[in-house]
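Provided below as structure tokens are two forms of one protein chain, presented individually as structure 1 and structure 2.
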Structure 1
């Protein structure tokens, strides 16, 4: 664990197993410097435990940075459940997971992420006080995906303004990887703005919806990197920007809701050298956690969410402009700001 390249001085990494339900889960808490950690739960059928641990560590660190950039009173944490989200879900499993979250006594708040929906979290919430993204509590905020997608759409427009001289997306071609809970809403926003969509996903039902509703062209999973597009929007899993995929991309902007898009941080410099505007993922996709934070506060306020999202978009603009001014990769600029905010939290 301590030798894992993604460990990054996590405050705690907690492993949970429940024999009756088959639960195998890890909850990683990267930092509580800015407040109790908060981050969604992902359910994924990992190839092995090493992949599972690396994923939760990277996601947890990313949440520390995301929450810092969003200026919400939370540190970073994340949970992963090892299993197939199509076949392995059960009430017993999510109740067991809820008990796992409760055992951390508020150091970690959970919500939805890849493979997990509102119904799953509401089962877990029967066993824990520290679950958000609900539809039934007094401050219920519901599915955070639409707010995440709104931030992604606004971030795409900011990047377009810098890459093309204006933020008009009409007749721009956008290659969208992943059209699930976030990507589907992103497609809807893009289509309404007049963009031409080329999409891929493993979920045929989700593809059919976007194809019919938004007029999207559907391509194979591996074909998405070769599309002659203006913008590439990754909204599925992470680590998809590497030296091989970068060589295939013909775009001027990479901006999407997926976490940990760069296979390693150094890819940010290679993206910059390729003349592509890269929007750091944990900045552009912070809308959802802002929505969740409003619920955690106990009094959900959509005006507060909108105000925080506006401020996050201002921060994103500062990151993009500072990167241009200093000839530095955008992810390095964002990392510096996030680390400074977390460090400041440790001294207060």
Structure 2
């Protein structure tokens, strides 16, 4: 594992196996410099254990950066469970997972991620105190997607101001990839601001909602990159910005909630050279983890969430301005700020 190219001096990587339930899970704690690590649990049918380890190493490092940019008192951690989220779930499995989280005694807080829903975390929470994203506790924060989407919408406006000279979206066309939990709310905000929407998704029901409610035009999932739009907002998959899709995009802004949008970090420089303002994903989508952090603090307070989101949006503006001033890719500038914040946490 120490030779894995995604290993970044992680503080701990913990492997769990439970014979009775079949649980195979890894919890990676990248850093606790800014506080107990926090990040969701992903359930995925990995091709092999090395893919699983690479994923958890990369995701937990990403959470350190995201949490640092969101100025919440948490380091970065992430959990992965090896299995098919449609066929391999059971109460025993999530109870065993809850015990695994509890064994780390608060160095890692879990919540939902891909393949994991509230019901799964509610089961795990019967075995651990360190689970958030609940619907039933006193401080329950519920679905983080609306807060994530509000941050994405505000981030789109900031990028528009820099790319077009103003943040008025009433005469802008936005191509939205994925209209699920986050993308759906993003469409609603954009439609209210008068933007013209072109959307794609594989889920027909989700598409019907934004078509009717927001007047969105629907295109096929592969057509979304070729739309004559001003802004591209990815809210579905990772790794969608690569050399091929970049050539096809006609937009001046890429800003959406999806995690890990750049196929490799070096794409940031190619995007910059193409004259596109790219809003780093882990900065624009930090609203959700802020909402979860409010729950972890023990007393959910919406004003606290709003104040943290305001601060995150200020940081986002600094990233975009610093990148312009220094002719550097926005993702590299964001990484530097995140690393500096983590290093400062380490010395205090």
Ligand code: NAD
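Numbering follows the first chain given and starts at 1. Here, rigid core means the biggest group of C-alpha atoms that superpose within 1.5 Å across both forms. None of the values given here were measured: they were computed from a predicted structure.
Novice: Given these two structures of one chain, say which is the form predicted together with the ligand.
Specialist: Number 2 is right.
Novice: Indicate whether residue 244 shows a C-alpha shift of 2 Å or more between the two structures, with the rigid core used for the fit.
Specialist: Residue 244 C-alpha, core-superposed: shift of less than 2 Å.
Novice: Under a superposition restricted to the rigid core, does residue 49 display a Cα displacement of 2 angstroms or more between the two structures?
Specialist: Yes; residue 49 is a residue whose C-alpha shifts (by 2 Å or more) between the two structures when the cores are overlaid.
Novice: Is there a C-alpha shift of 2 Å or more at residue 128 between the two structures once the rigid core is superposed?
Specialist: Yes, shifts by 2 Å or more.
Novice: In Å, how large is the CA movement of residue 18 between the two structures relative to the superposed rigid core?
Specialist: Residue shift at the C-alpha: 6.1 Å.
Novice: By how many angstrom does residue 58 shift at its CA between the two structures when the core is held fixed?
Specialist: Between its two positions, the C-alpha of residue 58 lies 3.0 Å apart after core fitting.
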